[in-house]
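The chain that follows stands alone, in the form predicted alone, written as structure tokens.
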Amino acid sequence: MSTQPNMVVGQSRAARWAFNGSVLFLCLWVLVPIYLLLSNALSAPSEVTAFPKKLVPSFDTESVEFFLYFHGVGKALWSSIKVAFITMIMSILIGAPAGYALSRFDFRGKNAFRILVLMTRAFPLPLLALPMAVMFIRVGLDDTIFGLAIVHTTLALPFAVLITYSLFSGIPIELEEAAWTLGCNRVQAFIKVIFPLVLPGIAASAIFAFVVSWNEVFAAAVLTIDNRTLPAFLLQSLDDAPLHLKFAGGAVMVLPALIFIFLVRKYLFAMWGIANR
């Protein structure tokens, strides 16, 4: 009789170790590449290829300073910021109403529409690059910030729709109905009752759209020349550059996104509480 409690305790302990091990593995999977990137970016050029490597870099900023003052980096960085913010705004303005409609209304083809939203990600971007470039040239959107933001919005929109759909589905419709009985119309009920509850999740969806735009390189390289974003500029300028400059460029590329996510991290954490209701 005493063996059964021991077995339960053993299984619980094994499950706890498996969970902790999985969390540790995921943390290392994310943090180790970031550490290696920043460590090499802040090392002297001779230390980048040295072996064995030091755990603590020498904090030599020569490579980063050279890259930052390189001609065109500032303009490319500013273009990336503008494109990412436009993409973030358009993704929410289009994706949030679509997610609300999917969660609150029943219509013919609703499930098929949800599948079609995901199917837009099934077409590889290189396959669409040539017809997109021709179309953008004809309508005058080639090599423009807004034209590239439209492409990035198309990439981020499926996830924005599905994330906001899950958020709105987690809010009981009885809350809106209670607001209707108190004199609010549908718009007022949404603004006063629903929107404050889903704001953290919408912010998290906007963060995802920002990161998608910030990291995208293929469309930016194909559709822009003078208004290249930072990833496209790095792809063009650092192809034959020394290794230490590549690490410096990667660090400059990664660091703003990390800072942005850190500043709005509370919305990411709050999203899980809404989505799991």
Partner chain sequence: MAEIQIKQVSKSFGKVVALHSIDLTIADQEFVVLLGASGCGKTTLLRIIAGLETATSGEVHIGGKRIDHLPPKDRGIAMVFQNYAVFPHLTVYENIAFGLRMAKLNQSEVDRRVNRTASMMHIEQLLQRYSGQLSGGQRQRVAVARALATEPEVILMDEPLSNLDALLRMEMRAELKGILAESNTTTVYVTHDQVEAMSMADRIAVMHGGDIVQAATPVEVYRNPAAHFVASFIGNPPMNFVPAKKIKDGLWSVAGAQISGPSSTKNELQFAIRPEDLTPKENGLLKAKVALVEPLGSHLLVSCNIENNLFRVILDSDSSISSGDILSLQPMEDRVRWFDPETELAV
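As the structure is a computational prediction, the values presented were derived from the model and not from experiment. Numbering follows the first chain given and starts at 1.
Quick note: we don't show the form predicted in complex with its partner chain, though the next part is all about it.
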Quiz item: Phe85 near its partner chain in the predicted complex, any heavy atom under 4.5 Å?
Solution: no
Quiz item: Would Thr144 count as a contact of its partner chain in the predicted complex, using a 4.5 angstroms cut-off between non-hydrogen atoms?
Solution: no
Exercise. Report yes if any heavy atom of Ile81 sits within 4.5 Å of a heavy atom of its partner chain in the predicted complex; otherwise report no.
Key: no
Quiz item: Given that the partner is absent here, does Gly140 sit within 4.5 Å of its partner chain in the predicted complex, heavy atoms only?
Solution: no
Quiz item: Of 177 to 200, which residues get within 4.5 Å of its partner chain in the predicted complex if you count heavy atoms?
Solution: Glu177, Ala178, Ala179, Trp180, Thr181, Leu182, Gly183, Cys184, Asn185, Gln188, Lys192, Val193, Pro196, Leu197
